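Let's start with one chain on its own, the form predicted on its own, as structure tokens.
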């Protein structure tokens, strides 16, 4: 049974969201026609929510072509959701600049209004991100955007935004068994202010799978940007030895529930307070795990499972202390 949830008024999503960073490069060559065609498999299976960004190469264009194909074939589009991101370079944020970016996303995605725009800003010292938020709010009020969210903002910056009167419905942050920084400050803040969390990095780019059980990859084996990124995170967390202990525990739990390590890791994060959805990367036309991902919805972790996981994670470094709050790794 599929799990759906209300992210914001009038916006319902599938709780496993297909991530499109992988089409931007660094994850193997993706054939556009094959990628767009494979998106239909996800949609027909019930995995109807997609996450992309204006900086993810052809991601928005792929979504637009896919949506157009569904329209032509007479498919019901009512469950289709496209979440995108506005990721400008720091600098002047005039109405013209912001509106041009949003208009471009609308055209690329073949929609009349964007379901959710998740705003990212690289430099907190450049306060012109308030200008961007102001213009995004105007565009929302004009109907070009349905909802405004964030990606990789920390708790302190979200508080400032709320103090300035902005309405934010979500924040997309890294959240996994390895990286549980949202628990320190962000979850409580988001619950108090009715802000939902979208989680990415939940599978560590594929490291939280059986493939890496009892196997330490060389740098050559880490052949995607995701694998390289999350190997660095594991090193900061506690190193490969401790990670192997975690994988052994997760493998034991997975066998107990007749499922996979990836499903255990996904369910763990989906069950966290304020997490409405988990973004799992889709390497369209290269590898797909549709049926495996769907198995997560029938999985329920018990107290013994959580206790076994916690026994390992308590041995790890405190990433909040090492890195800082969510998003600090980008600044």
Ligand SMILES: NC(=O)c1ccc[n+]([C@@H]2O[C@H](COP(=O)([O-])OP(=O)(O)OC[C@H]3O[C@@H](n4cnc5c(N)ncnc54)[C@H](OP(=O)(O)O)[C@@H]3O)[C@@H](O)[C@H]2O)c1
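Residue numbers count along the first chain shown, from 1. The model shown is predicted, which means the values in this text are computed figures rather than measured ones.
The following text describes the form predicted together with the ligand, which does not appear among the structures shown.
Novice: For the chain seen here without its partner, which of 29-37, 297-305, 66-74, 50-58 has a heavy atom within 4.5 Å of the ligand in the model of the complex?
Specialist: Answer to the contact question: 50-58.
Novice: Which one of 196, 151, 180, 108 is close to the ligand in the model of the complex, taking close to mean a heavy atom within 4.5 Å?
Specialist: Selected residue: 151.
Novice: Looking in the model of the complex, any heavy atom of residue 281 within 4.5 Å of the ligand?
Specialist: Residue 281: contacts the ligand in the model of the complex.
Novice: Looking at the partner-bound form in the model of the complex, is residue 188 within 4.5 Å of the ligand by any heavy atom?
Specialist: No, residue 188 stays farther than 4.5 Å from the ligand in the model of the complex.
Novice: So in the model of the complex, does any heavy atom of residue 272 sit within 4.5 Å of the ligand?
Specialist: Flag for residue 272 set to no.
Novice: Even though the partner isn't displayed, in the model of the complex is residue 287 close enough to the ligand, meaning a heavy atom within 4.5 Å?
Specialist: Judged by the heavy-atom cut-off of 4.5 Å, residue 287 is in contact with the ligand in the model of the complex.
Novice: Heavy atom within 4.5 Å of the ligand in the model of the complex: which residues of 195-213 qualify?
Specialist: Stretch hits, in order: 200, 201, 202, 203, 204, 205, 206, 209, 211.
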